[in-house]
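Here's a solo chain for you in C-alpha cells, the form predicted alone.
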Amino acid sequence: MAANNRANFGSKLGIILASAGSAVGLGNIWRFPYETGNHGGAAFILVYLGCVILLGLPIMISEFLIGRHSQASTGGAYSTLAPGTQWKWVGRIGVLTGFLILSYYSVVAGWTLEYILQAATNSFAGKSANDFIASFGAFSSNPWRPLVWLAVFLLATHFIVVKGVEKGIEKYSKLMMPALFVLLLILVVCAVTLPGANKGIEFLLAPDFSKVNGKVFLGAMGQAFFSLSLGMGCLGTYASYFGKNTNLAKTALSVSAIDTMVAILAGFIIFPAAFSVGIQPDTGPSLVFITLPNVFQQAFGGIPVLALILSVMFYVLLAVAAITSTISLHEVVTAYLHEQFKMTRKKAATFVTGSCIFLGIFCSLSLGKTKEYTLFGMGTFDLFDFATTKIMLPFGGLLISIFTGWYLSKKIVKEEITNQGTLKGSIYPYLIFILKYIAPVAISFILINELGFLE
C-alpha cells in the first residue's frame, strides 16, 4: 500500500457530508419522485429501501475500502491493489465515466442558475403551462445563453476543487449540505400545508402493493444504484482521504440515509404541491423546468411574494444539490491527473474544467443548433447520458463487486471493515456473500434492464 502522504478530511462530519454531497444531486429531486410515481408510491419506497440495504450499502462499502486501503484515487487504486493486472481498467473506466458525466451534467446544472435568475426577476408570474414549455424550449436550444451558465457552474466547481480536500471540498460541503436540508424542510412545510396536499401525502405513505412487480424491483435497484453515485469513482476517491479510524460501514449507512432522506423529502415537496393543483409530475428536465414552475405559480400565485420566494428557494436548492455532485465528479478526474501524471492540483483542475467546458458546449448545442447531427440516433448530450448511465455505471459496479468479492484478499477486506481489528466486523461474512453472489446478478439485471432488453 502506498505511503499515506495524502490530504485527509479533517472530521467525521466532513467525511459524511462530503460523501453524501457526492450522492445527493439532481437525480434525487426529479428521478426519485418520478420513479416513485410510476411504481406505486409508498410501495416503491419500501422496495427501494430494501435495495439500498441489500445492494447499495455493500457496493458503497466496497468502494470505500478500495479507496482507503489503496490510498489512491479511483484511477490508480486498482493498479495499487492488483499490480500488473487488467483490473487497472476498472479505475480508468470510473475516471472516464466521471469525466463524461461531469461534461453533460454541468449543462443541466447550469440551467438551475438561469432559473434562479428567472424566479428572482418574477419571470414565472402570469405564465400558462404552454408558456413554460415554450420558455424552456427556447432557453435550452439557445446557442449561447446555456453555455454562459455552463461555464459559470464549472468555474464555481473549479474554485472549490482547487482549494483542496479540507479547505475546499470539506469546508463547502459543511456549508452547502445543511443549507440544502434547511431549504428542503421549508419547501416541504409549504407544500404539505396546501389545500388538497393530503392526496400527495397519502400517495407517499400508503403502499399500493398491487403495483409491485418485477419492473418495480428493477426500477428500485436501478434508482438505488444511480442515486448513491456507485460506479463513477467519486466514493472511492473520497475514501482515499478517509482516516484509518473512519468506520466504513457506519459512514456508508449515514451517507445512504442522508441520500434517501433528501429523495423522500423531495417527494414531499413535489407530490403534495402537484396534487393540490391537479398536475401530474413528469420525468426528467420537464419536471424541474416546466411542470414545477407551473405548480409553484398555481399553488402560491395568490400570494405573489410567496410564489417568488419559494421558486427562488427551490432553484437554489437544485443548484446546491448539483454542485455537491459536480465537485465530487471533478475531484475524481483531478485527483487522477494529479497523482498519475504528477500535475499540480491547480493545473490538473484547470485541465478538467477546460475540457468539460469544451465537451459541454457540444452537449448543450446538441439540444438546439446541432440537434440534426447524431451518432447512433443520438445527439452528444443524449449519447453521453446513455453511455454513462445505461452502460458504464452498472458495468463499473459489476466489476467492483466481482473485484472485492472474488479477487481482493479477504484479509484486506476484513482489516478495512474492522479497522485493523478494532471493530467487531460482524457484517463481514454477509458483505462477502452479497458481493460474490447477489450483487453481480442484481447489477447484471439492472444493466440488461437499462439497455431495454427486458421491455
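Just so we're clear, the structure is a prediction, and the values are computed from it rather than from any experiment. In this text, residue numbers run from 1 along the sequence as written. Rigid core (definition): largest C-alpha set, two forms, superposition within 1.5 Å.
Separately, the form predicted in complex with a small molecule exists; it is not shown, and the next lines address it.
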Next item on the list: Sort through 229-237, 368-376, 273-281, 197-205 and report the only stretch with a non-hydrogen atom within 4.5 Å of the small molecule in the predicted complex.
Entry: 229-237
Note to self: Each of L154, T157 and T353 within 4.5 Å of the small molecule in the predicted complex, by any heavy atom, yes or no?
What the structure shows: no
Margin query: Within 4.5 Å, heavy atoms only: does N28 come near the small molecule in the predicted complex?
Written below: yes
Check: Does I101 reach the small molecule in the predicted complex if we count a contact as any heavy atom within 4.5 Å?
Finding: yes
Check: So in the predicted complex, does any heavy atom of L393 sit within 4.5 Å of the small molecule?
Finding: yes
Check: Might S328 be said to contact the small molecule in the predicted complex, defining contact as any heavy atom within 4.5 Å?
Finding: yes
Next item on the list: Scan F384, F289, F242, Y105 and let me know which has any heavy atom within 4.5 Å of the small molecule in the predicted complex.
Entry: Y105
Margin query: Give me the residue from A442, L435, L17, A23 that has a heavy atom within 4.5 Å of the small molecule in the predicted complex.
Written below: A23
Check: For L81, is the C-alpha shift between the shown form and the other one 2 Å or more after core superposition?
Finding: no
Notebook entry, point to check: V255: CA shift of at least 2 Å between the shown form and the other one after core fit?
Noted result: no
Item checked: C-alpha of T97 moved at least 2 Å between the shown form and the other one on rigid core -> no
